[in-house]
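This document starts with two versions of one protein chain, written out as structure tokens and named structure 1 and structure 2.
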Structure 1
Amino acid sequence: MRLALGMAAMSVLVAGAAPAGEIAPKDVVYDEYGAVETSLTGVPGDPANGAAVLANRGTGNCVACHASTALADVPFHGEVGPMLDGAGSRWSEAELRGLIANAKMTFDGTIMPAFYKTSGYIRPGNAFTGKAAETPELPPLLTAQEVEDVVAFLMTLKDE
């Protein structure tokens, strides 16, 4: 019995030392300007993976709307959104996190997708089938760690 209690106490201590874990899309807290102060994962972002997410047309596809000289080797940069060069100087980490998670919290009329949102859509579709979504909650476009990775990459894009 003492061994079981000791093991239970040990597991509580170990669990308490673990990172808080991932914040679910519905639990993200935005400030009045749309910034998200708290990391979505508690794990630092990987700028190299963030660049890959930005360039990948199957995940972030950020280059469809934004241009960046850091990603000059990726073809067909868009001109709809602002240039990403200097993003790390223009916006704070919290502001960038908020913009990636759900830019509509900052810019109400933006056409930028909410990359970390699962509900509250006006007309969600079922992938590329032309039919309505079958469930009211959809998976986010990016994982919490991918959001952190994109933020880490954008923070490296400073004005010189």
Structure 2
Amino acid sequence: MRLALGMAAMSVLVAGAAPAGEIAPKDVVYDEYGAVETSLTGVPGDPANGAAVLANRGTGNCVACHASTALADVPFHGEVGPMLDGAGSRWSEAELRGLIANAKMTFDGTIMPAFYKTSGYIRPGNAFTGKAAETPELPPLLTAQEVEDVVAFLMTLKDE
């Protein structure tokens, strides 16, 4: 329902143009299980930067909800979502890309935020100020390349 509204809103609004060669949030194609086959940038992801994004409160902040042994040196891991160890064995690269871009396409109604989406929100704010957003479309929580970097990092999390 909300998703449908979101999509409608997106098709009415004109998204800010993505840099050349990047797939803009509204153009991302999800398959019926929520996976995204095509790289958002065509540039291979950097797992080291991906790890930084998972830990950074201002960008991914994935550890707020997920624990990960590979990030043991980052303080305070949450337990809202499942442990990420072995994610690279459980999921394909395309599935992980879809999960990060918009986890609601994989898990209907999940608590996990959509990181590569720009509209369809209820009372969107201007980051963490509590004030209204200044534009009808928000910058996505992660850039296209950050999504690719996160996916590259997750792919390194293999089962022993």
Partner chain sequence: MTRANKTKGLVAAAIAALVALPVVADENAKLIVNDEIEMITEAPAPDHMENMTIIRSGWTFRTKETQALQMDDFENPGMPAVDAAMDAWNTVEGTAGKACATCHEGPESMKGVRAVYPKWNEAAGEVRTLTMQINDCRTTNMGAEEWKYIAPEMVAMEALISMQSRGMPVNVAIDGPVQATWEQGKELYYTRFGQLELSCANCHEDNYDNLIRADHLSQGHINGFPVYRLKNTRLNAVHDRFRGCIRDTRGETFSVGSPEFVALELYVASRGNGLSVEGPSVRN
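Along the sequence of structure 1, residues get numbers from 1 upward. In this text, the rigid core denotes the largest set of C-alpha atoms whose superposition between the two forms falls within 1.5 Å. From a predicted model like this one, the values you see are computed outputs, not experimental measurements.
Taken from the form predicted alone is structure 1; the remaining one is not. The Cα position of residue 135 differs by 2 Å or more between the two structures after fitting on the rigid core.
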